[in-house]
Structures are given as C-alpha cells and as structure tokens.
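Presented as structure tokens, the chain that follows is alone, the form predicted alone.
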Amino acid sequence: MPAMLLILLPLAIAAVAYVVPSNRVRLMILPAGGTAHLVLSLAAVSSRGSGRGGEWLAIDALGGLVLLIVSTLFAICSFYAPGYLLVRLDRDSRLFTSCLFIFLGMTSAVALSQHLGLLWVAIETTTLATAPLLYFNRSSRSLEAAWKYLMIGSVGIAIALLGSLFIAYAAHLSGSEVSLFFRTLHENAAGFSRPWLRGGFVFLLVGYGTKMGLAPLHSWKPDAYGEAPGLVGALLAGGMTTCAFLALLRGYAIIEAGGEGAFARELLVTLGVLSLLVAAAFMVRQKDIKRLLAYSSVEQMGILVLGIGLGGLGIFGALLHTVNNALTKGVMFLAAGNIHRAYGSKNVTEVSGAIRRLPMSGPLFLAGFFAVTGSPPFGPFVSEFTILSAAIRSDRWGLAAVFLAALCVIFIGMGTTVFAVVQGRPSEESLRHTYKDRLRKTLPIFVSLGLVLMLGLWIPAPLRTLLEEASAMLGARP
C-alpha cells in the first residue's frame, strides 16, 4: 500500500467534509474517516518490512510508532466528536471537521517523512491546520490563544529550519553529499563538522522543543489548551506534541550517528528536569482544570526527553511513554471537556461533585488522573518506572531522586485540584445546565482508558517489537 495514501485519504475527506452542506452528515464522516485511517495505518505498519515505500515517504519503526499513536488517538476522538458537535449546533462544523482531517493528514506526513525539509514543512502545515480549531469557541480568549499559538509556534519552527540548515552546512564542510534525506545523513554523519552539527541540534531542540512545549518554551500551552475544545486539546497534547517529539528524535539520531550523542543527551536531560520542575511549580494550587492539563503536558514532555537523555533502557521507556501519554491525554481532555460542558466552567471554584453530577465522566476524570501521574496498574507507571530504572542503572542517583521528588509534588498538586472537582456536592448553578452524560460521549474515553490499563498489564508482542526497533534506531542496545 502506498504511504502517500495515508496522507491523501484524510485530505480528500477534509475536502468532502467542507463541501457537504449538512452538519449532521459531517458527524458521520468523522468516525468513518478516523476508522478507515486507523485500519490503513495498522496494515501499513504491519507490512513495513515488505520494502514498499519511496525515497521521500516511507514507514520505518520510529515513524510507524508515531503513525499508530496519532491514528489511534484521532480515531478515539472521531467517535467522541459527533456527540460534542451535537451540543454545539450553534457552530458551523464545516471548517472544524475539515481542519481535523487536515491535521490527521499532515501528522501522517510527519510520521512518514524521510527528508528533514519535508518533515519541517509537514509540521508547519499541521500548525496552520490546528489554529482554527483553537478558535472554535469564537471568544476573545480563544482568539488570543490561537494567535499566541501561531506566533510562538512560528518562531519555534523558524528556529528549527535554521537547525536543519546548520546540519546541511555541517555536511557541506565535510565534503560529503549535501542531502537532507535521513538515510544519507546517518551514513555520512561521522564526517560532519562537529561544531556545526552541535549547533544544528541545539536549534532543532529549541525549535521543536517549542512545538512540544518543553520548559521554558511552553508559554503558549496554558492558553491554547485552556481555550481549546476538549477533543482539540487531546489531539494537541497527544498528537501534535508527539509529532514534534518525532522531529526532535530524527535530529537526535543524526547527531548520535555523528558521534555527538553524549552532548545531545546532556541537553535533553537538562530540559527534561527543568520541564518537570516548572510543571510541578505551576500545578500546585492550579484552579483551571484545562490549564492544569497543559502543565501536565509540560511534565510529560519533560519525561520523554529525560528518557532519551538517559539513553539505553531510558529510550525504550520514553517511546513507551509516548504511547501512554497520548492515550492518557485522550482520557483527561475528553473527560474535562464533558465536565466543562456540564458546569459551564472549568474553574475549581465553580466545579465540584463531578462524580455525582456526571456518573461516567467524573470517575473517568479521576481514573485518568491516577493514570497520568504514573500510578499502578496503568501504563505510565511502567514507562516511568523504566525511565527511573535507566537512571539508577547509570548510577545517576541524584537525577533519580529529583525525578521522584518532582513526580510526588505533581501528584499532590494535581490531586488537590482533581479531588476538588470530583468530590463534594454539585452547585445549584451546575444543576441548571441540561448537559448529561451519554454513552456516545463517554465510550471513547472508556476505550482510551482501557488501552492505558492494558499497557500497564501487558504490552502486545507487535508493539513491543516496534518499540525495540525504534529504540535501536536511536542507538539503544538490547
């Protein structure tokens, strides 16, 4: 199956969704398109060893992993979206639905790209496609969030472009073929100019780190996640950040092949620890549940780069945590979206008794909290424990202690807000809202939570193989 089909199918559906005049017809297009893309993605990844794929677009283990993450999360959100849009019939879903599928097509392009320049273009297009989604509520705050997302994201992507040019110049100075195809870069990286190679990675780290939302490059996240609809927040936190992480990993693989992996890993560890500490500080006494999830995303991105920075077993743990992060963000953001609709507010001062008010979404939000903070038996516990084990095996006891301390503070800070939301009695004002839990708006969340629970108890053999192959691409040894 041509890799291009995974990009063209969502773009074609986006065009169909835009020309269809009926909002209700578009509600059926969303789950159908999401399911079709997931089926195609599973088939493409399972047959990636058959040799099919072009020079520009192909499925390797690392890209295949990200493709499955994005496609699975989108499929979950696509089944949630109709129930959400039915209560938002005051908004025309034409542009919203089209942008969702453009997002899917461009994130697929990110996963399949085998060229540093094409990867950059795909990420920039994904940014442009998601900006209208942030403005869906048409408020002044959502407009501000969309512009901040665009402006800061554009600065980041410009810096990433500069990093790509630095790597190209490092190749030029070595006298080797100047090509931005990943295979050529890996083969020739050992002869690249070391100072320019280092400089290129620094710019890639700052540029794509901005897209990930690593501290101190995260200033767009609280506003964007705070004002976005729940399903858009899930796609940003679990999909967009995963694609930016992939772009960073592509750069890391190049510098590792060039013999400067130790330099890159120290930078990753530094930003990882800083992100954990910043998230811990801002999650304490946080009153806005969506901004709380934004800082939780900063924490998760810190865990990802920390795992890569530790190397070896930490790389496997980071890649596994990428899967867990996407699924747990699906649980948290979709459940938070239901709570927001039921209460007409996302502030803890106005939201309480969610378990009584929403007998499905409230418990799901609570379970999602335990999952995202790394509590057993959920998947994040396994991946975070793997990263902790990598720190201990490498005798970095101080780093392991900081990691554990930050996780404890985050658990307490986040738990204070979450328990304030789910416990107590619903206010009289909240009971006046007609919004109620329905299976079509909670079943996708149950599915996402079920997958997170499964990964805490059992990692399917094909997924484990994919994770091991992707880890090997980043220099991890069995």
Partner chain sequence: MTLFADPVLVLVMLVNFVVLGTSRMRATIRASAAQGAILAVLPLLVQQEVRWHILVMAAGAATLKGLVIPGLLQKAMRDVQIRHEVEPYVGFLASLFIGAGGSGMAILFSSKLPLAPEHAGGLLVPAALSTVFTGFLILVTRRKAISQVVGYLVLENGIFIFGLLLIDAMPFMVEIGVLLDLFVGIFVMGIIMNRIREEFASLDTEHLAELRD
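Positions refer to the first chain, counted from 1. Note that this is a predicted model, so its numbers are computed, not measured.
As for the form predicted together with the partner chain, it is not shown, yet the points below apply to it.
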{"item": "4.5 angstroms heavy atom contact with the partner chain in the model of the complex for residue 250", "value": "no"}
{"item": "Close approach of residue 393 to the partner chain in the model of the complex, 4.5 Å, heavy atom", "value": "no"}
{"item": "Contact label in the model of the complex: residue 141 to the partner chain, heavy atom within 4.5 Å", "value": "yes"}
{"item": "In the model of the complex, residue 147 touching the partner chain (heavy atom, 4.5 Å)", "value": "yes"}
{"item": "Interface residue in the model of the complex among 115, 290, 341, 357, criterion: non-hydrogen atom within 4.5 angstroms of the partner chain", "value": "115"}
{"item": "Heavy atom within 4.5 Å of the partner chain in the model of the complex - the one residue of 86, 400, 178, 278 that qualifies", "value": "178"}
{"item": "Per-stretch contact check against the partner chain in the model of the complex, the hit in 187-195, 254-262, 364-372, 379-387 (non-hydrogen atom, 4.5 angstroms)", "value": "187-195"}
{"item": "Neighbours of the partner chain in the model of the complex among 292-316 [non-hydrogen atom within 4.5 angstroms]", "value": "295"}
